[in-house]
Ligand SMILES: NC(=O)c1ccc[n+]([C@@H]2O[C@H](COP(=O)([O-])OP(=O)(O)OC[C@H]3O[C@@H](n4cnc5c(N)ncnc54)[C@H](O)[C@@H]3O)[C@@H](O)[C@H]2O)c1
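This document starts with one chain, in the form predicted alone, laid out as structure tokens.
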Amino acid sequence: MRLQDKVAIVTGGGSGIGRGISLRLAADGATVVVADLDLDAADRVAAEIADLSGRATGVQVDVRKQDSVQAMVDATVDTYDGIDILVNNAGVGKIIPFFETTEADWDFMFDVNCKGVLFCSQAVAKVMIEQGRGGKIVNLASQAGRRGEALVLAYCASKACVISMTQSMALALAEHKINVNAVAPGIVDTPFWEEVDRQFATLLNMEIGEPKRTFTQSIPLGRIEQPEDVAGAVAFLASSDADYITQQCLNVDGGNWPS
């Protein structure tokens, strides 16, 4: 198993894409700290991993708060003696018309999607540098970060920020042999996208489910993305197979966006 003896933190690991990533990293041999604002959800995923003979712990974290992030990192080091992989998956999004986007909406998305990436990466990178054996950081961007969308301004901007942060972090940490990359999923079949579908349906005067079906029809590979599709790309970037890859954002969207 290519992640044998590695310790990984997955933020937002209690559901959706984060759950898929946590299960995949564990299947590849990693010990996984499933970190989520919802501790019960994190514990359930950790229990799933344990039932599959993996090793995992659920931890509560609010990625917007540096003290909460530091507590997560300290607990991981205390329990497992180090950190090799960080997956910055925690994220939020809202579908909001341009003129209805408020300061509170903007701050909420940037606090979780961008500050969370910064705070978690800073805290974990310090541990990786002290260990002296490098490490892997994988950020969750989005196809929304590749382009603007009329009803998704703040979310698109926050995910474009994640892509830019990935590039800057990779350059800052390259001398320490810490690889920093991102993946940009498309339309993923998760509870998050069920909520996105409802929001689009309300704003576009569609039936619930119609936006999701319509958007899925545009995917060249002909099906909606699954969390496992994202998890496979993350597992690759977290492994030694990606030792010579850094500063990249890999589209994992079924060919939905070309660059």
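Note that this is a predicted model, so its numbers are computed, not measured. The first residue of the sequence shown is number 1, and the count goes up from there.
Keep in mind that the form predicted together with this ligand is not shown, yet the notes after this line are about it.
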Looking at heavy atoms inside 4.5 Å, which stretch does this ligand contact in the predicted bound form, given the options 22-30, 46-54, 212-220, 190-198?
190-198
Decide yes or no: are K115, T166 and T246 jointly within 4.5 Å of this ligand in the predicted bound form, with each residue judged by its heavy atoms?
no
Given that the partner is absent here, does N251 sit within 4.5 Å of this ligand in the predicted bound form, heavy atoms only?
no
Please tell me whether any heavy atom belonging to S239 falls inside 4.5 Å of a heavy atom of this ligand, as the geometry stands in the predicted bound form.
no
Can you tell me whether Y155 touches this ligand? I mean in the predicted bound form, with a 4.5 angstroms heavy atom cut-off.
yes
Is A231 close enough to this ligand in the predicted bound form to count, meaning some heavy atom within 4.5 Å?
no
Check each of S121, S142, T76, N181 and return the one that places a heavy atom within 4.5 angstroms of this ligand in the predicted bound form.
S142
Only one of V138, M128, A90, M109 comes within 4.5 Å of this ligand in the predicted bound form by heavy atoms, so just point that one out.
A90
Across 45-63, the residues having a non-hydrogen atom within 4.5 Å of this ligand in the predicted bound form turn out to be V61, D62, V63
